[in-house]
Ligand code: NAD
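Take a look at this one chain, the form predicted on its own, written out in structure tokens.
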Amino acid sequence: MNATRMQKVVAGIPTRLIIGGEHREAGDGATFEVLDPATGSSLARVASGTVDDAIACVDAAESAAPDWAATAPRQRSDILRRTYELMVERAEDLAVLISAENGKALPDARGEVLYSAEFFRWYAEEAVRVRGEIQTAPAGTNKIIVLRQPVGIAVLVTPWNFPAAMAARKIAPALAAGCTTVLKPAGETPLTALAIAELMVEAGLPAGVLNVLPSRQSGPVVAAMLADPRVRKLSFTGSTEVGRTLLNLANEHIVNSSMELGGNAPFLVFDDADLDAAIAGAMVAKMRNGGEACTAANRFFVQKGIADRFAVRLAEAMGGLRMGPGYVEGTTLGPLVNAKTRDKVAGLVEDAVRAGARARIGGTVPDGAGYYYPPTVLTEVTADAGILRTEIFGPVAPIVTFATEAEAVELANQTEYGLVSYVYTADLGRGLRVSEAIEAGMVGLNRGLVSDPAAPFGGVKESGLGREGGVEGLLAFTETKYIAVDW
């Protein structure tokens, strides 16, 4: 795989807005650049949607809504299933595209494509299982009928770190439930969203059911859609700060909202843990997508008896990664997505080292083009270090030691976030006890990967509201209607 192949793939992607099945320029003709994080050079120019374009998307979704809601569940299922098949068939091109605009290494990008496709397969199966209920009222006076109907037009706002997976995790359940949608992808990674939309058209999706609105005016266009009374659902994945702003807007207009926000995942390793398994799990939990994931292990808490060995082994494993352009075969660690992200990661490490931490490997921005940051392991990190209080979003592993189980749980819970946690121990009783005590929506017990289309994904505290994936992910796009009847 090389840059020429990447350029050919990128050149084949449409770069205009998709509204009502048509490719359109932005209303004011504006475009924005999509950059290659490996070089900082331009990959493509994409139409930048305006507020008027956003309302046009809602118009198109409204026009398509009655027919799509009335479409037989099996027919919706068949379209989702065909989308799954097309994604698997075109997996390599999609992976190259993700690597090009996001920066992640091809092995990660290939994994993301297959994970994304699974959402379409899972919700193809669930589309025919949106069940209601019927029962006799306790007083015997009437029957209680409960229906689950499409919530309505859904605005889907996705981040740059998993441009295919986060889109699929929202589009598939929304369409399975019978909703029409407007997808607002991140400005850094709009090409993947546009490519998926094209595949869905090929799979038979009717015009207007999925509208795609790339834009560098994210705040105004999303605010305009949330203020439109026809929009009934917001599904957002991104930072807690932006989520808080969108929640305020959604609350003002009483829009049903699902929020998958930031994380600050603890990775707990007890003395009795299988060290090989813990290192393997740490590499997945920390280095998936180069650490640019809300599920990334952010704080490593290692019991004192095993801490030195764990640090040495983790530094060896992370040091063995090969850094380079994500779309070049053999790369195992690509660049970060942009200069701002790289500079943030560098600043966090520099602050930690000034405060007394020791960089076992890495810790310095390399020379040359691109937004690279090397794998970095920090030891002698104090429990109150600033790097432990924010999402790193990069390939940096700060290690803190602990003595007791109670201390480990206390350290893990010292955050306003609560998305995912990881626990490694050979004692199943301890593992389940700690998993229950940790304040998180998900726990990987002796596993470095928790994501699964069939499982409910989401967090507690400031990590979000609601769940994506699983049955819950489909029900999030429905409203419950109760009918009282006496026959």
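What you are looking at is a predicted structure, and each value in this text was computed from that prediction instead of being measured. We number the residues from 1 along the sequence you see.
The next section is about a form of this same protein that is not shown, the form predicted in complex with the ligand.
### Message
Between F393, Y84, W122, Y372, only one gets a heavy atom within 4.5 angstroms of the ligand in the predicted complex; which residue is that?
### Response
For this set of options, the contacting one is F393.
### Query
Looking at V349, A195, V151, A186, which is the one with a non-hydrogen atom within 4.5 Å of the ligand in the predicted complex?
By the 4.5 Å criterion, the partner-contacting residue is A186.
### Message
Based on heavy atom distances of 4.5 Å or less, which listed stretch (379-387, 95-103, 250-258, 162-170) is in contact with the ligand in the predicted complex?
### Response
In short, 162-170.
### Message
Please determine whether W68 contacts the ligand in the predicted complex, using a 4.5 Å cut-off between heavy atoms.
### Response
No, W68 is distant from the partner.
### Residue contact check: I144 to the ligand in the predicted complex, 4.5 Å heavy atom
Output for I144 is no: heavy atoms all beyond 4.5 Å of the ligand.
### Message
Can you tell me if Y327 lies within 4.5 angstroms of the ligand in the predicted complex, counting non-hydrogen atoms only?
### Response
Because no heavy atom of Y327 falls inside 4.5 Å of the ligand in the predicted complex, the answer is no.
### Query
Given that the partner is absent here, does L275 sit within 4.5 Å of the ligand in the predicted complex, heavy atoms only?
Looking in the predicted complex, residue contacts with the ligand do not include L275, since no heavy atom lies within 4.5 Å.
### Residues of 240-263 having any heavy atom within 4.5 Å of the ligand in the predicted complex, listed in sequence order
V242, L246, E260, L261, G262, G263, in sequence order.
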